[in-house]
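Take a look at this one chain, the form predicted alone, written out in structure tokens.
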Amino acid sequence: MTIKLPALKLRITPPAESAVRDGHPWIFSNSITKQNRDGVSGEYAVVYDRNNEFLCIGLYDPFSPLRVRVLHAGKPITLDGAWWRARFERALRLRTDLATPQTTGFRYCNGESDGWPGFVLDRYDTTLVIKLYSTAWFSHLNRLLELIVDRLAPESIVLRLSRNIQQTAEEAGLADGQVSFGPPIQKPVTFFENGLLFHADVIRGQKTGFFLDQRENRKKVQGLAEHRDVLNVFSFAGGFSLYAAAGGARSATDLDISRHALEQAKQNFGLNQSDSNVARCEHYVIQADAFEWLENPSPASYDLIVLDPPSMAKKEIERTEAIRAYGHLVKQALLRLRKQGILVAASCSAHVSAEEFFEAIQAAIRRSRRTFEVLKTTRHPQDHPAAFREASYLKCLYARISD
């Protein structure tokens, strides 16, 4: 006999109420003031305001201090199959013009900013990758797989899990990197990005297998690279370098501490040898700690340097040190940058605002006493929208250094 539990009802603090009304998608455990019973992971939690009026409904996660991920706020609604399909279609419509024969890798759903809190869906050609950041999605996974297969007809769907939920996932019979739909995947998936071919390790690679969020910045580097010697610092799989090569760079050097990443970069260059510019470009790799390598004196110099480090501030307390580190990276990179060279500096640290980052980069250039011009600044691409402050992580500055 199945016992039907009463609906899970919550009350939250006045500041948390205000945040939800302003569109924030998270309710933390320390904001909950009243709860009618213990919640089960993945069930719907209905939140009422101080006047006992409906405030929002979201997914409950008892294993996380981020206790409720808001799905809908405003007037009461029923989250039935039709609602889920409509929510999915809304995200897909925002990417309609991205899917072309020249670009078969992009993001379909970007978590909270697309109304799918803690849920990411990426495409790599005919393979889709789901990335979950909350145990609350486990009980909804089969329904989601049916929805995705019915609408997008992929060949395979891979499940990726954030590190903090992998142990709980094992208890639910789920594993990071499992193929949840379709045949087994034995090798990296190949996809197109702006006409260039890349490999994505969708089973074990970082994130969902590739850093799709830098697609537009890579394209901009392609347009700046002609006849230049390019250094790609924190290169990962060589995305910026390959685009630079396609744009007519004389040489492209990938610098990364990971041997595996550099091997991926070589493979990606190998995939594109039919492009005459790529075939003509000299490609070098350097396996080293980027900070240490930049510190060492060297006669090597470049016309375009890309600085795209991993997140330097994963917590708010690390923000000040991260800003200092960005400035130091720029200082050292400028020692390798030739006159009329271009510096491309990017950050994926959400705790460092775009304004703070852009000022840190420009301040470091000013301290070098070199004349510069900011060519452009960029933020999130179309398929990685950022609808609230904590989701706004990506920023990039392009500067021409005159002397």
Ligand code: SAH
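Don't overthink the numbering: it's just position in the shown sequence, from 1. Quick caveat, the model's predicted, so the values are computed rather than measured.
A second form of this protein, the form predicted in complex with this ligand, is not displayed here; the remarks below concern that form.
Judged against this ligand in the predicted bound form with a 4.5 angstroms heavy atom cut-off, the residues 214, 256 and 308 are in contact without exception.
Using a 4.5 Å cutoff between non-hydrogen atoms, residue 220 does not count as a contact of this ligand in the predicted bound form. Remark: residue 323 does not count among the residues lining this ligand in the predicted bound form, judged by a heavy atom distance of 4.5 Å or less. Residue 92 falls outside the set of residues with a heavy atom inside 4.5 Å of this ligand in the predicted bound form.
Shown alone here, residue 206 lies within 4.5 Å of this ligand in the predicted bound form, counting heavy atoms only. Contact with this ligand in the predicted bound form, judged as any non-hydrogen atom within 4.5 angstroms, is confined among 269 to 277, 150 to 158, 236 to 244, 75 to 83 to 236 to 244. The partner is absent here; in the predicted bound form, the one residue of 181, 284, 192, 291 having a heavy atom within 4.5 Å of this ligand is 291.
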